[in-house]
Ligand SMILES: O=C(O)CCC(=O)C(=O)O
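Before any questions on how it binds or moves, here is one chain, the form predicted on its own, in structure tokens.
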Amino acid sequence: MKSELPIFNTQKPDEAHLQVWEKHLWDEGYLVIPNALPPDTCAHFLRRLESMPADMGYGYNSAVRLFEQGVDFVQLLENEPIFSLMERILGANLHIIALQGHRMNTGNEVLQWHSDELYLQRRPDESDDVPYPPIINVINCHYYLMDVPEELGPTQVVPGSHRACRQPRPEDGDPPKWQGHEAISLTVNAGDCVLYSNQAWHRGSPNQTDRTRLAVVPAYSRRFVAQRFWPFLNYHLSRDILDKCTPRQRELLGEHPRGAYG
């Protein structure tokens, strides 16, 4: 599918910004980078997401495999300063495990508090006071395509909960707390990017409007993490798509050089 190509940010961030952002992600498990997309580019992807079919084989609220919809979505993966930060934390041989479009309206939000995955599992009989190291293997990056005030159902996270190494329990409260840290709503402006470790406790809060909250969400990971291109084992990434990409973009989509295990 062809589409006009928007203008992306190409200026790499300086070392001071990278240090601050990296520390916040490791310490708190989440980060907000304002103005991550230029206004015209944000408007471009808003139009693109609004024009997509309601059913893309997975469900309305998650349009999957957006790299199939045009090179513009592939080029988004290298947008700065997000890309440099991802390389810094996840390594130069990182890739994406998913590239989705989130379309959240009243009734289809993901309201349950959860951690997407647990890479280190706390024993059920072990006190939460036992410290566990933060592990960041996957970072979800939500490029919001519209202003998201509280009534539109922003993403909510519990700071520090990427160290919990377990799922939230009823005794953690609703909303849950972790080590005294309360859940926060990440209200943002169009073009801002919300990033968080996929181990952090998070959810989408209730959308109290008649509008749909729209975001493009690449999930970057370390090389060893399996990609989640639905329908998973039966999915084949077309050579037609890869041949339109640069070598670096092909690697981001999973075409790596040979290494351990093959």
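What you see is a predicted model, and the numbers here were worked out from it, not measured in a lab. Counting begins at 1, following the sequence as shown.
Not on display, but discussed next: the form predicted in complex with this ligand.
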query = Any idea which of 164-172, 126-134, 140-148, 74-82 reaches within 4.5 Å of this ligand in the model of the complex, heavy atoms considered?
reply = 140-148
key: Sole residue of Tyr196, Phe45, Phe67, Tyr220 within 4.5 Å of this ligand in the model of the complex, by heavy atom   = Tyr196
ask   = Of the options Val110, Ala183, Ile97, Met86, which one has a non-hydrogen atom that comes within 4.5 Å of this ligand in the model of the complex?
value = Val110
ask   = With a 4.5 Å heavy atom cut-off, would you call Met104 a contact of this ligand in the model of the complex?
value = yes
request  = Spell out, yes or no, whether the shortest heavy atom distance between Arg203 and this ligand in the model of the complex is within 4.5 Å.
outcome  = yes
ask   = Out of 151-182, which residues reach within 4.5 Å of this ligand in the model of the complex, heavy atoms considered?
value = Thr155
